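Before any questions on binding or motion, here is one chain by itself as structure tokens, the form predicted alone.
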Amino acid sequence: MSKDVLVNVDDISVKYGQHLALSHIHFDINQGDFITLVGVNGSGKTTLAKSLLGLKRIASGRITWVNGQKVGYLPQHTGLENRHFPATVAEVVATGLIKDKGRHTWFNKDDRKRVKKMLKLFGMQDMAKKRIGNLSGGQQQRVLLARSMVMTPDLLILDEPTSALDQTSRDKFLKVLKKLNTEQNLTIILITHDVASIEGYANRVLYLDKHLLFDGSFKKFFETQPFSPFIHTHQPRYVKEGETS
């Protein structure tokens, strides 16, 4: 494995009962990648993310992590949309530290500094004491991103983070992610059904439909998609950049 590889996914398959959700998936996640994981509904995108996180058991194959890697995760549904959710913005961000703290779940001065730093990074420092349920969708996403980042992850996985945002909020959110990727070398996997909206931010496309059908650049993806029948019929023919379609 290359020294730049964070995660090696080696021929994994995942099942729900007798239903095959993912079949013989293999790829590497490299340090500094900004990957967009795309596919139709039911193609296995969230299942793959949960498999990487250890939240879903794989039926076969192996996922190998470089030792000591930390992963931040922003799920598609958070439950924070309820306007009566009682937690403040600062409290929500602080929950991102709980995993690192183990049994010692009280927050000290250094923890509060880390939370304050994250809120400032995402332009939310003036809203620290506001209830998260009273924020707009775009503001909530920035708070949740701050929560995912407060423990300084090596890899950030986001599941449809912009699906409920308007175009302006979506662009702002993606610019923040791109800044983290380029300035902090944060490795990112962003799940979406709208690959066109991520062009210019991500540098790599994985197209999934139970099988991994494509792994390469946006340029190659857009050249391949309109003309390759397997993209439309979802037949398990894999294309990696550099191969002819």
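These figures come from a predicted structure and were not determined experimentally. For every residue, the number given is its place in the sequence shown, counted from 1.
Not pictured, yet referred to below: the form predicted together with a small molecule.
*Asks:* When you measure heavy atoms, are 19, 42 and 46 every one within 4.5 angstroms of the small molecule in the predicted bound form?
*Replies:* Yes: 19, 42 and 46 each sit within 4.5 Å of the small molecule in the predicted bound form.
*Asks:* Hey, in the predicted bound form, is residue 154 touching the small molecule, heavy atoms inside 4.5 Å?
*Replies:* Answer no; every heavy atom of residue 154 is more than 4.5 Å from the small molecule in the predicted bound form.
*Asks:* Can you tell me if residue 76 lies within 4.5 angstroms of the small molecule in the predicted bound form, counting non-hydrogen atoms only?
*Replies:* Although the small molecule is absent here, residue 76 would touch it in the predicted bound form, with heavy atoms inside 4.5 Å.
*Asks:* Is there any non-hydrogen atom of residue 62 lying within 4.5 Å of the small molecule in the predicted bound form?
*Replies:* Residue 62: no contact with the small molecule in the predicted bound form.
*Asks:* With heavy atoms only and a cut-off of 4.5 Å, decide whether residue 193 touches the small molecule in the predicted bound form.
*Replies:* Result yes; residue 193 sits at the interface with the small molecule in the predicted bound form.
*Asks:* Pick from 66-74, 25-33, 46-54, 215-223: which stretch has non-hydrogen atoms within 4.5 Å of the small molecule in the predicted bound form?
*Replies:* Correct option: 46-54.
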